[in-house]
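For reference, the chain that follows is the form predicted on its own, supplied as C-alpha cells.
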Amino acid sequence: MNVPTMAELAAKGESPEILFWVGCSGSFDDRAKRVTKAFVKILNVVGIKFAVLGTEESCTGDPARRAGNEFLFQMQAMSNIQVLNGYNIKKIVTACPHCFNTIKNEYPELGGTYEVIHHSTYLQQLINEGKIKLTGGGGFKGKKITYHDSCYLGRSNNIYEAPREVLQALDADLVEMKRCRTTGLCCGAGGAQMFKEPEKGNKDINVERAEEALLTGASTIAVACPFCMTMITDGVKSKEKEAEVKVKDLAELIAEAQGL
C-alpha cells in the first residue's frame, strides 16, 4: 500500500495536504488496522496527498489523562507537539475520536494548534465535493444500518450529522437506536475503561448497547471509533449474533461500496 511518511516527504521538500494520524488502535489492533487500510485506499483512489508520522507518532496521551496520570499525558503530548510543529503540520485527519478530541481541544494549551478533522467529517466532505462517487450505494442499497454515536464525537464535539450523511450516501435504510445523538449511550470504553475489567454490576455497558443496536433489526452496526468497534463487537458476540450482524467503521463501508 502506498503510505508515505512525513520524513520521506520532508526529505523531498514536499508537504502533504493532510497528515493522517493513525493512533494506537489503528496501528496495532488487528481489527482497527483494517479501518486504517480502508481509509488509506480511499485517500489513494481520491488522489489526496497525505502522509503519516510512522514511527515518530506516539500515543496522544488520552488514556493517561483519563486515568489520572497527568504527568504522563503531558510528556506524551509535548513529544507529539514537538514532532508536529517540527514538520509545520497544519491539518490533521484521524479515524479515532479520542485522538481527535485530544489533539483538537487539549493540545492548544500545550502549544499545539492545528486544524483537526475526524474521518467521518472528512469522508462527508469528499462525498459532497463529488470526489467519492457512490453509484447506487454499492451493495448497501436498502439494507438496514444503525449508527452508534461515539461519546467524543457526539456529546464532546457535537458531530452528529457527518457520520449519518456518509451512511445516507450509501442509500441504506438508516435506523436509529432508542438512545442516539445527544442521548446516546457510551460503549463502555471511554475514560480509559477500555484497558481494565468493568466493576461489578448487573450488566456490562457494551452488552446493553449491543442489545439496543440488535433491537433495530439492522444487519450492520456502523461505528466511527476503534474503541466502540471493540466494545460493540464483543457485545454482539455475547449475544451470539456475529454471523448475522456485522460491526463496521464508516471508512470500511465506503471502501466496500466503492469495491476497494
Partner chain sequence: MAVLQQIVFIITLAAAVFLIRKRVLRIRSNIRLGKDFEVTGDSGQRIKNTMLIAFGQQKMFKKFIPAFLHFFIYVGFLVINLEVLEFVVDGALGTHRVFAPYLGGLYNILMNVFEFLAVAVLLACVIFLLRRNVLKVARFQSAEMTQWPRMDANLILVIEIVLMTAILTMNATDQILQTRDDHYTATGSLLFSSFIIPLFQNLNTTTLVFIERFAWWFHIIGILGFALYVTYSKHLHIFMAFPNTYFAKLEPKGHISNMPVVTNEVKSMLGLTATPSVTPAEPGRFGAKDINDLSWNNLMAAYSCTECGRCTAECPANITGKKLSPRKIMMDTRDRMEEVGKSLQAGGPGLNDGKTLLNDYITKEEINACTSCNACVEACPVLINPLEIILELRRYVAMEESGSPAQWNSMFQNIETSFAPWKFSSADRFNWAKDEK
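Just so it is clear, the structure is predicted and the values come from calculations on it, not from any experiment. Residue numbers count along the first chain shown, from 1.
Another form, the form predicted in complex with the partner chain, is not on view; read the next lines as being about it.
For M78, a non-hydrogen atom is located within 4.5 Å of the partner chain in the predicted complex, even though that partner is not displayed. V52 belongs to the set of residues with a heavy atom inside 4.5 Å of the partner chain in the predicted complex. Looking at G217, you'd find every heavy atom of it more than 4.5 angstroms from the partner chain in the predicted complex. In the predicted complex, the partner chain sits within 4.5 Å of a heavy atom belonging to G188. The partner is absent here; in the predicted complex, the one residue of Q168, T113, S156, N128 having a heavy atom within 4.5 Å of the partner chain is S156. Contacts with the partner chain in the predicted complex, taken as any heavy atom within 4.5 Å, map within 8-24 to V22, G23, C24.
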